[in-house]
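Presented below, as structure tokens, is a lone chain in the form predicted alone.
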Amino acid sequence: MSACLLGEGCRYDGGSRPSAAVCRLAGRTNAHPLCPEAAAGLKIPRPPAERVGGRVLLRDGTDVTDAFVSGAQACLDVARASGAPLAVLKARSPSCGVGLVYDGTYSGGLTRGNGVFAELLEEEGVCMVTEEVVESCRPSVEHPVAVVLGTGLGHLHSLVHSVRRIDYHDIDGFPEGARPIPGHSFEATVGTVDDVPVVVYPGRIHLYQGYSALEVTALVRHAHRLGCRDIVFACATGAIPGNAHKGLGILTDHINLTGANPLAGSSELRGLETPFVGMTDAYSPYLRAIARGVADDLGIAVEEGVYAGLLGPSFETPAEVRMLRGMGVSYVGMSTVCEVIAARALGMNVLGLTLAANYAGDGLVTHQSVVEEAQLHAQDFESLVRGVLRLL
């Protein structure tokens, strides 16, 4: 973490920029405060510096690139030794800026790019976010975390200290006659899990039941109306042999093979400036890194991979499994993709978790066997979700 975000007076002016959300996160994990400029031995206070054409210059034109690089390299060595999967860096800094940095005019203007230290971390494969991302993902009563549970995973619902229950049929857009399939229930709970405000939806409807993409995303729109900024989608899937194993997984991306999209031909997602929604990093790298760190700390075996959403309800043929394997898919299921599209269109941060309950193409798989396999992993799944909520 950038040391200035934790209150260290290492900025060019001798001050700091403490972030309450980052400080809370640091207090709940093994944080390493770093400042590349302090590591380089640069004076405090000193003239401000900004990136210009790949170099780092002080306001008076003095080139301090070499010092910034040496400090960044020293901090990279610490990051490597720690094995940390996540870096929380000061936004727009010439050392730590992620995606945007000050443009060298000393006017507050920004340009696309990373700071010197951030460039090294990116090459190292470390997930990088700014304090703004951490602050945006902080739960509160006004902004609870939504959790949508899939087949056999609804037991998490029982952990909620409830303050309110909502029948799905009272939710705008949810089909009136819908009934839950085995492993699902249709009553949302608003409350807390380990003192973290949540809204838990212990079931969903599916396209293969004849519902539209708009109907299957009614819960997402409801969560957004309740103020949820972060949403966790949990689903049961089949693991693609050779690309993933049975067990818990973190979704990194998806391929929508359902033939449906909740943004197509709909006026229901009001407030959108355009239906043309970018899906890069649809599954938040920050939330994925949090989940990965929780799993590692708890000793829970978790893989990561791409999810393919199919219409269903028939399971995949051997030829379809070979196609999916060649496409780089790790998990295949019959939900989630439309929900994630709707969530991203509404500006929500998404975490996708899966239980791969069988190997895709296994001719012995049944809906009941999926439910039974989910029960075997119930404790690990519960621990993973609770750990993520605690860090948020």
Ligand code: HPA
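Small disclaimer: the values here were computed from a predicted structure and weren't measured. Each residue number is its position in the shown sequence, starting from 1.
In what follows, reference is made to the form predicted in complex with ligand HPA, a form of this protein that is not presented.
Taking a 4.5 Å heavy atom cutoff to ligand HPA in the model of the complex, the contact residue among 350, 39, 57, 334 is 334.
A single residue from the set 360, 35, 342, 49 has any heavy atom within 4.5 angstroms of ligand HPA in the model of the complex; that residue is 360. With a 4.5 Å cutoff on heavy atoms, residue 303 does not count as touching ligand HPA in the model of the complex; it lies far away.
At least one heavy atom of residue 238 is located within 4.5 Å of ligand HPA in the model of the complex. In the model of the complex, at least one heavy atom of residue 316 sits within 4.5 Å of a heavy atom of ligand HPA. For the chain shown alone, residue 21 is not a contact residue for ligand HPA in the model of the complex, no non-hydrogen atom being within 4.5 angstroms.
Heavy atoms within 4.5 Å of ligand HPA in the model of the complex are found in exactly one of 62-70, 352-360, 49-57, 23-31, that being 352-360. If you take 18-40 and check each residue for a heavy atom within 4.5 Å of ligand HPA in the model of the complex, you get nothing at all.
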